[in-house]
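First comes one chain, alone, set out as structure tokens in the form predicted on its own.
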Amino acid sequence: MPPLRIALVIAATAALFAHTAQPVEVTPPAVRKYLSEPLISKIYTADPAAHVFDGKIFIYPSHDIDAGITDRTDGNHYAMRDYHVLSLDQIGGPVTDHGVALDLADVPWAGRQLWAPDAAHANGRYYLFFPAKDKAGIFRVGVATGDSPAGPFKPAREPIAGAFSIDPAVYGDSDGAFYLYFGGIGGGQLDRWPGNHYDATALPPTATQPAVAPRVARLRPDLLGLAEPPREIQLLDTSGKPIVAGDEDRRFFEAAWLHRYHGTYYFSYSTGTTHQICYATGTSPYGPFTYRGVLLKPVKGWTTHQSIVEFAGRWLLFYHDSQLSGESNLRNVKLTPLHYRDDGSIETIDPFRN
């Protein structure tokens, strides 16, 4: 193989499996306007996990900072050190920043990188689920508890046994059971957990093999641990076959989220390298889920991370882009209405206006 072609192959492979190695970010044409404006501009926020607590929308984002890190290997420049909680009483109303809800320095087991969190309410308490690299550089999932949806939250001394990688998302079902979804390939290290056992030498699947699967596990009633071993979530095409690793337009990369609409479970996620938010549907919180389409087209920046919630009779999509800074690691959260068609499919959202 000619040297130039070898170099191109190596570059393409690195872009596929590194969290932020993709060199081409989405830049909107100058004539297009943004569909939505940032909810807050005093700090940089991303990965918004939205929930309705006490009649308000509470948003649990990651808190982007400029840590002066130029090494983008495995997303090292995403060096977030704390979490803030945001809230709003009504759509279009003022957004309150409740300040620091959890600091990296207060998590005994964590070493660095507080990435995308999520929250839940049960047992009269509020729970914050979050990923961080431990002292050995391996992403784990932790949990912290508090008496208010705005925090502060007190973390457990150890990460949740059996939970790993990044992007924890919690879904509370109508029967009272709670499920934890997690995982992200590349910098999120999910590729290194075949069979739920960490292996730093594990190789990613080939382009024609089934893609690395996100995980789900039912939580214990106290929400402080898993009630069962994590299961792999099957993402299928319309013919019932697993989506393969080379199908970058549809395969899972990160940002798992589950919601339910008219009895159907909707699993949404980011495709990472192709910058889309896609969704699939199923009849169980465990899956399998069948691919249905693109929920959100690429935003400005490298990629985005979503949550979906119903509030005051309207369904809302929360996401982030890089409108304020133009930098992929200094992002801002946004929201926009989400609309279902009569057949249960979701209208694709373009983050820009013509």
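Throughout, we count residues from 1 along the sequence that is shown. No experiment lies behind these values; they were computed from the predicted model shown.
What comes next is about the form predicted in complex with beta-L-arabinofuranose, which is not displayed.
- Under a 4.5 angstroms non-hydrogen atom cutoff, beta-L-arabinofuranose in the predicted complex lacks Ala169 among its neighbouring residues.
- Within this chain, Tyr78 lines the site of beta-L-arabinofuranose in the predicted complex, having a heavy atom no more than 4.5 Å away.
- Contact check for Ser322: every heavy atom lies farther than 4.5 Å from beta-L-arabinofuranose in the predicted complex.
- Looking at Asp118, you'd find every heavy atom of it more than 4.5 angstroms from beta-L-arabinofuranose in the predicted complex.
- Looking at 301 to 309, 65 to 73, 50 to 58, 287 to 295, the stretch with residues near beta-L-arabinofuranose in the predicted complex, meaning non-hydrogen atoms within 4.5 angstroms, turns out to be 301 to 309.
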